[in-house]
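Below you'll find only one chain, the form predicted on its own, shown as C-alpha cells.
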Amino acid sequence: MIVVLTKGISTHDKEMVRIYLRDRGFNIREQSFGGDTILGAAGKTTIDLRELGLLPGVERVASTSKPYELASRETHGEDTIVTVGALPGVKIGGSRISVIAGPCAVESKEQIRETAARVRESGAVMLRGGAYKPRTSPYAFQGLGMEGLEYMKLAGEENGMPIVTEVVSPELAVQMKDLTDMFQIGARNMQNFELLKKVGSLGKPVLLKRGPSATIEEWLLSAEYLLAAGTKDVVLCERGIRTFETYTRNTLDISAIPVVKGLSHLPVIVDPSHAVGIRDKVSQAALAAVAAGADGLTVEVHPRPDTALSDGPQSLYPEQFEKLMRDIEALAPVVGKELLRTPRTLAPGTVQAVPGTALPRNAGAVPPIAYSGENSSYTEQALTRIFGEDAERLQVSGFSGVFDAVLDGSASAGVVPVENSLAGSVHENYDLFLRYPDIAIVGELKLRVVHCLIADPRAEIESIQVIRGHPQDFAQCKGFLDKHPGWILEPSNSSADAAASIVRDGAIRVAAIAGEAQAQGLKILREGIETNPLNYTRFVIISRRENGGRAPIPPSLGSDKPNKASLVFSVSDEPGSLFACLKTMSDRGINLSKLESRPIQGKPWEYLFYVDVSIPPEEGIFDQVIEELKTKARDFHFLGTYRASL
C-alpha cells in the first residue's frame, strides 16, 4: 500500500499517519518520487483505505496488486532514472543507453588503468571491476580486496568515470562505501537479505543482478528489500538464467526485459558477458538486449583476455568493444534511444552547470536549450536524447526563434531539424544559417520518426474529415493519405501543435499526424503510417560562435574529434566552376555526403550549393581545403564542424 502525503504536510500530521499505520502492524518506508512524499506500508493486515484517506495530510491512498510495492509501476508510473557519481553524474534509464565496461576482476593498478582508458575512449560511461570475487572454487583468484578497489577508484577518477563493484558481505559494504559510486549485488547474493538490507541502508545506487534460478517476482522482491531499506536508486541487471542448455554459460532471458519494464519503473540493463560466456557471442547478445529495450549494458573487457585471472573466455578485446559500441550507436535510433557518451572534459576556467554547455567561470546561470514546438514534439525528443532529461529547455515560437534565442544568449544552444530521409531538406532552417552568420552547427542527431494518426477518444477513423500536421509530416505519410482522398489537410507549425489543437478544440472529426509521445489523453487510430519505415529526421545542434570563430562543442556530445562539416557556397557562371570546387575536395580525399542546390533569393537562376563533407583524420588537410575553396567559390559560408551521427 502506498500513502501519498500532501505537499507541505506538517511534522505532526506526518507522525500521526505513521502512528496510525504502525499501530495496525505495518512496516513503513518513507520515500520521495517525482516531488511527492510517500509512505510505503507493507504488512499482512487489512484496513479501511477510506478511513486512512481522511487523515490530515493524506492526499491519496493506493493499494497495489504486487508484493513489491515500492518497485511496482502501479505506484510509480514514470520511469526512474538513476544518477551515479558526482553531479551531473551518469544517468541510467530514460532515452539513453548507458554502457558500463571493464574487467571481471581488478588484477593490478596498471591493468585497471589501461582498461579504463580503453573503454572510455570507445564510449563507456562507467567502469566495472571486481575487487572481491565470489568464485565457485576456493582455489580460484578471489580479487585484491580493498587494494584493488583503491586502484579502481583511481582509474575511474583519471578517466572521469564513476565505478561499480560487487559487495559480498554487510561488513565490507561499510568499508567500501566511500570508494565506490555504485554497489553491485551479484547473482549469488540476490537473496542474501541481510546484505540487501545493509547495502540499501547506505543510500548509494545499487546494481542488482538476477539470480541464476530466480523468477522475475523474486528478483523484484529483492529490489524491494533495497528500496525499503533506504536507497532510492536501484538498477536491475538481467545476466542469464540457468536452464538445461549447456552450450552457453547461461540462457539470456531477453523476454524479461520488456516484462520487467512493464511491471516496474526501475531501469533494466543486461550483462551479455555472463549470459553467454563466449567472447564471440557477447556482441550479438548485447545488440539483442538493446533491441529488446534495455536501458544499458555491462560488458566485460580486458586488454589481454587470454591472460585474465578471471572470466577471460567471455571478456572482449578492446577492439571488439569498440566495434560493439559503434553497432549500438547505429541501432539505438531504431529503438528510439541514443547512446550515452562520456562528456567532453572542460578546459580550465570553465564550469558545466547544465549538461551540454560550457561557459566562462562566474558567468552566472547557464541559459537553457532552445527548441520550437509543443512538449513531446520530435524536436524536444531529439533535445532530450542529446542533452538528457534534466536539461533545462526554452520553448520558443518558430525556427527563427531558436536562432534568435541562441544569438542573444537567452539559450546556450538550440536544436532544429534540417533534413528528413523521405521528405528532404527543411529549407527554412538552411536559409536561416545564412541570415545568422554568428550561429554554427556543433552536432547532429538522427531520430527515427514513427507517425501515428491521433484523434479524440470518441473518434473513429470513419468519421475523420480533417487532418492536421506539419507539411513535412504530410509528405512523409503520403502513401497513407492518398488512400483517403476526401480528407482535408490543414498545415500546423509542428506535429505537437497539431495534437494539442485536438485537445484544445475537442473536435471529433479532426485527427493529427504526430508521434506516440504526443498522444497523451488522445486515441491512436493508426500507428506507423509513414510511407517508409526507414523514416529519420536529422536534427542539428546550433551554438553561437566565439569571437567570430568556430562555435564550442557542447560537452554532452562526447570527446571525439569532429569528422563532418557543412558548407554553403556559390560559384561563378563559368564552365567548370562547380567542378573545380568539388575537385579541390576530391583531390584531398574529402568525401561528399550531401550536395544540394537552392535558389539565391533576389537573384533569379543563381544558386547556392549546400554541401556536407567528411573531415580527414590527418591534421591540417581540411583547413587547407577550406582556404582553397574560399578562393574558388563565391559567397562562401562555413556552417560548422561536428561529429557525424550514424
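Heads up: residue numbers just count along the shown sequence, starting at 1. As the structure is a computational prediction, the values presented were derived from the model and not from experiment.
Here the subject shifts to the form predicted together with a small molecule, a form of this protein not shown in this document.
Remark: residue 104 counts among the residues lining the small molecule in the model of the complex, judged by a heavy atom distance of 4.5 Å or less. Put simply, residue 470 is far from the small molecule in the model of the complex: not one heavy atom of it is within 4.5 Å.
Using a 4.5 Å cutoff between non-hydrogen atoms, residue 186 counts as a contact of the small molecule in the model of the complex. When contacts are judged by a 4.5 Å heavy atom cut-off, residue 300 counts as touching the small molecule in the model of the complex. Between the small molecule and the residues 91, 118, 337, 133, the one pair within 4.5 Å by heavy atoms in the model of the complex involves 133. With the partner omitted from this view, the residue of 274, 265, 446, 204 that lies near the small molecule in the model of the complex is 274 [heavy atom within 4.5 Å].
Only one of 219-227, 427-435, 137-145, 186-194 places residue heavy atoms within 4.5 angstroms of the small molecule in the model of the complex, namely 186-194.
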